[in-house]
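This document opens with one chain alone, in C-alpha cells, the form predicted alone.
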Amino acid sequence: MSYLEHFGFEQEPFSNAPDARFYFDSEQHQQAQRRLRFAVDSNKGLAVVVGGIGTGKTTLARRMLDLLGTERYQSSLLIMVHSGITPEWLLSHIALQMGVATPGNDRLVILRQLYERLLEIDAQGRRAVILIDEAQMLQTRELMEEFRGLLNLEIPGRKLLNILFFGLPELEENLRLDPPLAQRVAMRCELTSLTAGNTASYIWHRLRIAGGQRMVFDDDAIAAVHQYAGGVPRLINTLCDNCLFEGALLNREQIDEKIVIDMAKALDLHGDAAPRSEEVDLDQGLEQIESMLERLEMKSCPLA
C-alpha cells in the first residue's frame, strides 16, 4: 500500500514538480504579484524578483505567466538553464517568443523584426512581456547590454517591451555589470522563507489540494518541519513527503515530531530554530487550519 492510500490522498501532496493547482498564495507572493502586474501595466520596463534557493521564484514566474492572459498580453517565459548563453541566442529566442516567425541570422535584422512585431502588439492594445527565470545565469556584461538595448525599443510615451527577471540574489550583482541597466530596475521584489504560521498553512493547503480530509501532522511535527526546512517551500515538500512515506511504513495515522526529526536527519537537514517571535505566528497558522477543518466538516455533514 502506498502512502497515498494509507492517508487517503488522491495524489502526492508534496511533489516538487511544478503544478499550478498547488500554488500557495502567501502574503509575500500576493504582494509580488501586485507589484509585477503594476510594473507591466504601467510599462515600467524592468522588474526583478530575487530570493534564495527553493523560495518559490519559479512558481511565481509560472503564476505570473498564467495571469497574463492573451487578450491583454503577449507573454512568454524563458528559463536560463546554463551560463553559456550568447546574446545572439537570447535575442533570437525572445523574437520567437514574441511571435517573429523566422528570426534572421544578423543581430540588426532580428532587432528590426522584433521592433516591428512589438509595434503590432502595441497596435492591438496589448503589452509585450518576457519573463526570464534563473536569470542569475546571465553572467556577462554583453548579455546585460543586450537587455538594455531591448528596453530601448520604445515609441514616444511608452516602452514596447517589459522584462521580468526571476533569480537568486547574485542576479543583482550581474545587473551591476552594466550600471545603466541596474539603474533601470523600476520594481524589485524579494521572496524570503515562510514564517512558522505560513508553514502550517502551506502544509494544510497542499494536503487539502491532494484530497486530504484532515491534518495528518500534529502541532509539534509542524513546528519541527518549519525548523528543519527553515521555512523553504522546496525543503518543506521534500521533508513532508519523506515523513508521509515513513508514517505509512510505520502504519501511523499521524505524523509526530519524532518522525520529522528522523527524516530530517536522514536528509541531512539541520535548519535553524525558529525565533521566539514566530511562536504566536505558528499558533495563528494552526488556528486558521482548525477553522478551515471546521468549515470542511460542516460542508460534509448531511442535512437532518
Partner chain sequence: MSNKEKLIASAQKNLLKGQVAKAIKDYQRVVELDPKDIRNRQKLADLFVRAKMPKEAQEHYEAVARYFSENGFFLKAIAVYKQMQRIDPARIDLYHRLAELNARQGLIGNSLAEYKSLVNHYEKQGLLPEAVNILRKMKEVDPENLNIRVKIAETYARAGMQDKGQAEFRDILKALKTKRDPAKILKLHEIFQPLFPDDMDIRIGHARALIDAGDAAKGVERLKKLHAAQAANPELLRHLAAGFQRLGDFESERAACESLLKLNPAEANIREGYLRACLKAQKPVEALEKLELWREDFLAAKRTDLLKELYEKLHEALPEDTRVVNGLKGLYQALGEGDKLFDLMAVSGDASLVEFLEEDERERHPFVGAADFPVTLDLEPEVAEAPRDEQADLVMDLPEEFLIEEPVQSEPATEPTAIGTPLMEDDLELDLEFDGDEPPAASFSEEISDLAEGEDAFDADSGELELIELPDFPTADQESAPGVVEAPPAAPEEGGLDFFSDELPDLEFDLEPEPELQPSSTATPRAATTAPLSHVEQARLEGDLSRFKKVLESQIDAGDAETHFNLGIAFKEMGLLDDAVAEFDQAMKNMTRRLDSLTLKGICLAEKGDLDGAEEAFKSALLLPDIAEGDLCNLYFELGQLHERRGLPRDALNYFEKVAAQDPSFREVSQLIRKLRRQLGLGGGDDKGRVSYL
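In this text the structure is predicted, and so the values were computed from the model without any measurement. Residue numbers count along the first chain shown, from 1.
What comes next is about the form predicted together with the partner chain, which does not appear here.
Only one of 153, 109, 81, 119 comes within 4.5 Å of the partner chain in the model of the complex through a heavy atom, and that residue is 81. Though the partner chain is absent from this view, in the model of the complex it lies within 4.5 Å of a heavy atom of just one residue from 76, 136, 113, 201, which is 76. The candidate stretches are 237-245, 48-56, 66-74, 260-268, and the one lying within 4.5 Å of the partner chain in the model of the complex by heavy atoms is 66-74.
Although the partner is absent here, residue 9 is not a contact residue: none of its heavy atoms lies within 4.5 angstroms of the partner chain in the model of the complex.
Within this chain, residue 93 lines the site of the partner chain in the model of the complex, having a heavy atom no more than 4.5 Å away. The partner chain in the model of the complex is approached by residue 62, whose closest heavy atom lies within 4.5 angstroms of it. Among residues of the shown chain, residue 100 is not one whose heavy atoms approach the partner chain to within 4.5 Å in the model of the complex. Along 10-30, residues 20, 21, 23 each place a heavy atom within 4.5 Å of the partner chain in the model of the complex.
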